[in-house]
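Just one chain follows, in the form predicted alone, and it is written as structure tokens.
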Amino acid sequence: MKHTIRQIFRSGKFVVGFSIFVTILLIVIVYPLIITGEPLGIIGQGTFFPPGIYVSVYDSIGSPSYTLFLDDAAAKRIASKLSNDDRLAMKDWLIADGVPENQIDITDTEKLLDLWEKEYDPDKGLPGMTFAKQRYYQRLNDSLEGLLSTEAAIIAAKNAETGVLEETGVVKQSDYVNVGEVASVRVLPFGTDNFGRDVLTELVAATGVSLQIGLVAGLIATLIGLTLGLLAGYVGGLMDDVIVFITNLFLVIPTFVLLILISFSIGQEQRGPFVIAVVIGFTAWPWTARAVRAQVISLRNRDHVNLSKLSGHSIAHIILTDILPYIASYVIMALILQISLGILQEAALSILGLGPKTTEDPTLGLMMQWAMIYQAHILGKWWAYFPPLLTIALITFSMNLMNTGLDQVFNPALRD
């Protein structure tokens, strides 16, 4: 056994795949211990907040301020409110309004804003301009107000007695706060999804649920396939004919179509993660059964098996002690592939709306379904769909690497 384990961990492919899988597993276990809270808890009012560090504006005002003179601060401030696309849009409006193109320089912010202030009329409708485009220019015009101003922002509070706003402080453009000194800060590496939920927290929980689905589905499929394959291969005769007939019947019907029909018939409320795992497991066993049967047929007439028969051992004893150990490595590889297949099948079902119910446990497939329904891929909100997609790819890739590494160790024909 020790020699076999050493051989396995000398396989580069197995080590790489195992390392990726264990890393994902550790994140799933450790992350909830550090970041507590409901995976599906709504933390933001709005949809698709971009990734970043979110700092409380209210707490920032009360935090100690520091004066910094940074050369590029003003340029960054202007660029954040007036992008190159905005400059080109302003140029298009001015040209449509009759301003000669040679008088418009989009690289000179001061001159461009001065010309825009003189010519732009929010109530003026230009020929061929849609209402949506007109609203865009109105919003752009509002955001440009005071863009080049160097005056400080005034902080005012209402007097409790008179009800009049009174100045309580000013915020200069050179004032900065240390993020570490702000009371309320939240890091969102993957932003929020369409419901305002932390994508990273949701992703970790979804990965754990998908792994559980894959494990349960893989164990069920492998156990059924192993049992039927052992019986068909060793007993033979009528039992072999019946099992082969049932196996071929399942193979003729496309597995995914069968999954769709069964999942649809169960109903949304009854489709929990465990139910979906069981359904996948009961439809994924045929190829394992056929492969195990072929292996057993090649072993049942070996000398040690015949000797066991002559010794009067029972069928169960012969199968468990004289045949099963010889195909154990194949069974382990089949289980790895079945787990990977279970995760992929759940994702495919969830994208079609036939996965686990959406109100309790997130899965990687459900995350992609939510992103697709709310058009994250069209709106360019990559953080809503790319992380679960990448996680599925990493899990299946790691498992296939482990399977390939095991195959190289246990299959003499593939050894160097």
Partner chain sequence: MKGYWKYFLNKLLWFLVTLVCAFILNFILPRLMPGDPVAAIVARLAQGMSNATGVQAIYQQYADLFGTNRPIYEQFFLYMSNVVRGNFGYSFSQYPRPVSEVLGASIWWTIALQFPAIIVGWLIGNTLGALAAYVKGGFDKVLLPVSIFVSSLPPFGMAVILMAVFAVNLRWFPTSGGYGFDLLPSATWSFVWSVIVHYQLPFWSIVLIAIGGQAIGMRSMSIYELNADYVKYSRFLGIKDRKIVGYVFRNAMLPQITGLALSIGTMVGGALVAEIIFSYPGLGYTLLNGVMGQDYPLISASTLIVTIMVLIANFVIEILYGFIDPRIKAAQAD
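Since this is a predicted model, take the numbers as computed values, not measurements. Positions refer to the first chain, counted from 1.
The same protein has a further form, the form predicted together with its partner chain, not shown here; the description that follows concerns it.
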property: Answer option from Gly62, Pro32, Gly353, Pro51, heavy atom within 4.5 Å of its partner chain in the predicted complex; result: Gly353
property: Heavy atom within 4.5 Å of its partner chain in the predicted complex - residue from Leu231, Leu344, Leu115, Met90; result: Leu344
property: Candidate stretches 176 to 184, 324 to 332, 259 to 267, 160 to 168 - the one whose heavy atoms come within 4.5 Å of its partner chain in the predicted complex; result: 259 to 267
property: Non-hydrogen atom contact Leu406 with its partner chain in the predicted complex at 4.5 angstroms; result: no
property: Any non-hydrogen atom of Phe250 within 4.5 angstroms of its partner chain in the predicted complex; result: yes
property: Its partner chain contact at Ile392 in the predicted complex, heavy atom, 4.5 Å; result: yes
property: Its partner chain contact at Leu401 in the predicted complex, heavy atom, 4.5 Å; result: yes
property: Contacts with its partner chain in the predicted complex, stretch 362 to 390 (heavy atom within 4.5 Å); result: Met368, Gln369, Met372, His377, Ile378, Gly380, Tyr385, Phe386, Leu389
